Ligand SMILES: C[S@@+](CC[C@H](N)C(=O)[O-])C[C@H]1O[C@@H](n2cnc3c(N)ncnc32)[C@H](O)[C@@H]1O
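Quick setup: one chain, the form predicted alone, written in structure tokens, and binding and motion questions come after.
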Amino acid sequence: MVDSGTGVSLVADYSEWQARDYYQTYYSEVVLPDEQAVLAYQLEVMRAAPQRFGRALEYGCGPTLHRAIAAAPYAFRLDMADWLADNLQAVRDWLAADADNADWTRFTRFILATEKQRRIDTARMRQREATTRKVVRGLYVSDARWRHPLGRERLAFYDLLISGFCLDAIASDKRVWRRCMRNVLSMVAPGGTTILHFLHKCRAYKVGNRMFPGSNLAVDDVRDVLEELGFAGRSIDVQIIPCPDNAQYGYAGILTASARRERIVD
């Protein structure tokens, strides 16, 4: 995004990123409607799987835990990766905290309600969060622009890969997004599943008082790249979730997608 009068970029560099600003902007008060929708979608896909996933990865976790809390009972092992050490430190702090750490409890409650758990009380929420702390095994600094973001040994390694609002936020250039998709999704094993969330037709999104880049994605962008990367066409699901109230943050819709890998593409 460029100021039409000065020609100066209005998009901040990630050296200006503050994990706490992101938490305060999107997660500190309520479970926003768009997050309710994408969490429900993630749970729906995972619950439809014929068996528990073996190895799972949340790529681009940011300073957030809600997707990990949702995934925890559906995988034997969950790794988390992000480009910024500051984000991973926020995750590490939560993992090391006692049961009274409340930052993500409202999300735990929402997740349990979405799963239609019959009993949702403090003990049940603490149990789910304890399961999450047990299932999360590794935290990794990674760059999606690397051909092998977690090393060659993680090629076709994961049975489930979740990435929310990460790969489309690396750059405003859609070609960068496509390369990052290739790199990150190469870690999905044949027969494995990916669950992805992007901002719909967003060129920049707001965190605190700064704007960060968006790749301006539409449904066809996501569907086309998944097909190119060896995901079975019949398994690809891409949906738009309108969220007009979020236009103030630079986007008015969410793209959420899932697919099953059919083959590895070099």
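Quick caveat, the model's predicted, so the values are computed rather than measured. Start at 1 with the first residue shown and count on from there.
Note that the form predicted in complex with the ligand isn't included here; everything after this is about it.
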property: Contact check for 17, 84 and 170 against the ligand in the predicted complex, heavy atom at 4.5 Å; result: yes
property: Position in contact with the ligand when the complex is considered in the predicted complex, options 166, 136, 150, 161, heavy atoms within 4.5 Å; result: 166
property: Option touching the ligand, based on a heavy atom within 4.5 Å in the predicted complex, out of 226, 70, 202, 61; result: 61
property: Interface segment, criterion being heavy atoms within 4.5 Å of the ligand in the predicted complex, picked from 152 to 160, 76 to 84, 108 to 116, 89 to 97; result: 76 to 84
property: Contact test in the predicted complex: residue 27 vs the ligand, heavy atoms, 4.5 Å; result: yes
property: Exercise: residue 144 in contact with the ligand in the predicted complex, heavy atom 4.5 Å; result: yes
property: 4.5 Å heavy atom contact, residue 249 and the ligand in the predicted complex; result: no
